[in-house]
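Here we start with a single chain on its own, the form predicted alone, put down as structure tokens.
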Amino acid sequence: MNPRVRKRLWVIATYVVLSFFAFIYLVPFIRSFIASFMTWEQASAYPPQWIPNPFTLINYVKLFRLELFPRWILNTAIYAGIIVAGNIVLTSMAGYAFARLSFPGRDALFSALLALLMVPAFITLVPNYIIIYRLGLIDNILGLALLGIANVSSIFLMRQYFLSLPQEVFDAARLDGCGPVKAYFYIALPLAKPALGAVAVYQFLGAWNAFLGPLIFLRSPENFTLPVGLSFAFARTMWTEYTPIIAGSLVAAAPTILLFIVLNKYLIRGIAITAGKG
């Protein structure tokens, strides 16, 4: 077989397989989108129905009639914004220090940080709650955000990126009298835009969709983030009204979907960075 034909067939087969798995992953989203225009009786019917009959907007009407719905969106945006800003500043500094500075115990400290990745998040809930309680920041968006303004995986990603930069650039800057701080601000940081974009996207997605942390640390309905607020608004004594929650989840997913489409290259770059130089 002609090598060019063989290569083309291989590419076609690859796209077919990838398209199949992409469709499998999209099925729950498609099902949620259809169910948001159904009554709960129809959405929960078995076998599943794929055409709304009758077609209804009642779930979205119930959602937008919620008095606190705009407040929950604002709270979620503030929370995600603090998380993103904190991680961009703090993890880029930490990553630069671990990659380009020499100090006693650097490698041991970095190994200890990486070990934290193996600790399940729920194990730290109690000590974190005690800390935030003693600071008087329970039921406060700022207190909740303080727990996530520096992420170990983001530090690792930034370190990997800074290690991938040519050493000659930093040597030339040092010969010109540029110290470590100036090298960070004028050389490393401008060159790290792809990595910073990846950190921003990952952290925004995690903070926007966070549920467990806000559920534990926030108490007042007016302080809830969107995922917790939706669960609170449509939970009944003996049952839960799921179709408005599905509609709200789709509305909440819109910013993350848009962000993924716009900054998809940074996500791919982030995966490439973590697999790079160690």
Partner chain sequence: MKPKPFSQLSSKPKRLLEKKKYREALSALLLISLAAGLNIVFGYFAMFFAFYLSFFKWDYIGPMEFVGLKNYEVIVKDIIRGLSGAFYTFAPFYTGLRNILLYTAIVVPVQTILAIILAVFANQKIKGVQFYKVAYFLPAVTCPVIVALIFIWLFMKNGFINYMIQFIAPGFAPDWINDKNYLLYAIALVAIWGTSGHFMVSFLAALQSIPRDVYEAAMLDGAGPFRRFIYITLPLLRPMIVYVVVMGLIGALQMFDLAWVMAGSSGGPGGAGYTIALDIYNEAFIKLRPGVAAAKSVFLFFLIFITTYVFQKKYRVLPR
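The term rigid core refers to the most C-alpha atoms you can superpose between the two forms while keeping them within 1.5 Å. Please read all numbers here as calculations on a predicted model, not as lab measurements. Numbering follows the first chain given and starts at 1.
Only in words, not in the display: the form predicted together with its partner chain, which the text now covers.
Taking 82, 73, 113, 141 one by one, only a single residue has any non-hydrogen atom within 4.5 Å of its partner chain in the predicted complex, and it is 113. Among heavy atoms of residue 149, some come within 4.5 Å of its partner chain in the predicted complex. Using a 4.5 Å cutoff between non-hydrogen atoms, residue 51 does not count as a contact of its partner chain in the predicted complex. Remark: residue 200 does not count among the residues lining its partner chain in the predicted complex, judged by a heavy atom distance of 4.5 Å or less. Contact check for residue 124: a non-hydrogen atom falls within 4.5 Å of its partner chain in the predicted complex.
Contact residues in stretch 210 to 234 (any heavy atom within 4.5 Å of its partner chain, taken in the predicted complex) are 211, 212, 215, 216, 219, 227, 230, 231, 232, 234. Comparing the forms between this form and the one not shown on their rigid core, the Cα displacement of residue 246 reaches 2 Å or more. With the core held fixed, residue 256 shows a CA shift below 2 Å between this form and the one not shown.
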